[in-house]
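Presented below, as structure tokens, is a lone chain in the form predicted on its own.
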Amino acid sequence: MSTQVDRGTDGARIARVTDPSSLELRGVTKLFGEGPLATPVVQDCSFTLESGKLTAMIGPSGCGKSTIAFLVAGFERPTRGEVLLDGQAVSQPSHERLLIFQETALMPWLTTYENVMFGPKMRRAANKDTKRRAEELLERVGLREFRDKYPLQLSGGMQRRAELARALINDPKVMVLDEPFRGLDAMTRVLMQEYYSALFEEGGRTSLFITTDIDEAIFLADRLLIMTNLPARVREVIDVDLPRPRDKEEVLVSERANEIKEQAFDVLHEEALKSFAGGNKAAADFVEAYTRRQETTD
């Protein structure tokens, strides 16, 4: 993978990926436990993260999406099947595949700048170029004035932005984001969605974005992977053929966005019913929301 440095509309330097990578899961099954007690969390799951595209994964709560994120990042290994990055087997964590977790993973004893520089320092790649890049990224994510603040001195949205900068400085081939905006207040969440959409459109980095929010998925993605109830596999793939750049208010009221949303809702409702029938109480919220939505639209 190679990048070139361009200037954004605000004059900031942007690292644009010129030959983005692809990642593939081939027949992946992941079991937890031993012997007859082993439980499949992911089963016979196959999909491709297309080069330079943002793929959103959405499915019932507890269906195994986070396990897939760990498999892609290399923190877990498949029981069966393969995870391939540009045709090469993924066997361990690497700065080439970086995962942003659901909860903040900033180190509280390090400043914002020190957190961003942590990866290059651990790889013994810290030099004048990476230090300059860290300053540019902090400027890009609006945290230059907070470079010397500690995580507890930052708001939730600022922490998320700091984690984006910490990931991007390593120039990963694939970005994996596991419900990164969960827990943020509604206004901050919308701002972060718009923020990440702009960063993706400027950089063109292959990305997997995991979410339980259909509107978020449609706004951000080039393609949706609708997952089954536990154990996880791909139930349906939907192309999000909406033009970029995107404005959330305009995109989500378009006829095409509503068609995609209805299609996704119908599949998710079927899987949520299965999940609820299997004892997953978290699925009840989606089933109730779907029922109310149908009553409103009928």
Partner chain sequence: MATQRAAARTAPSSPALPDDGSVGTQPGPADPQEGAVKRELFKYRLRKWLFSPRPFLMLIGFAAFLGGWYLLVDVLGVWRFGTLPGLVEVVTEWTAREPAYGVSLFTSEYYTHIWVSLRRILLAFFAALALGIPLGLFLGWSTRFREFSFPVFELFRPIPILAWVPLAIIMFASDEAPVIFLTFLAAFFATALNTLLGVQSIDREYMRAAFCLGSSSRQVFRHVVVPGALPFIFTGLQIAMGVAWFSLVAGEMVAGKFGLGYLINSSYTTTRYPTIIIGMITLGAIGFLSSAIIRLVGNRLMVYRARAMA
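This structure is a prediction, so every number in the text was calculated from the model and none was measured. Numbering follows the first chain given and starts at 1.
Below: the form predicted together with its partner chain, not depicted.
- Among heavy atoms of residue 97, some come within 4.5 Å of its partner chain in the model of the complex.
- Interface membership of residue 79, defined by any non-hydrogen atom within 4.5 Å of its partner chain in the model of the complex, is ruled out.
- Within this chain, residue 145 lines the site of its partner chain in the model of the complex, having a heavy atom no more than 4.5 Å away.
- Under a 4.5 angstroms non-hydrogen atom cutoff, its partner chain in the model of the complex lacks residue 265 among its neighbouring residues.
- Stretch 134 to 142 is the answer when you ask which of 201 to 209, 83 to 91, 134 to 142, 223 to 231 has residues with heavy atoms within 4.5 Å of its partner chain in the model of the complex.
- For the three residues 101, 119 and 161, a heavy atom within 4.5 Å of its partner chain turns up in the model of the complex in every case.
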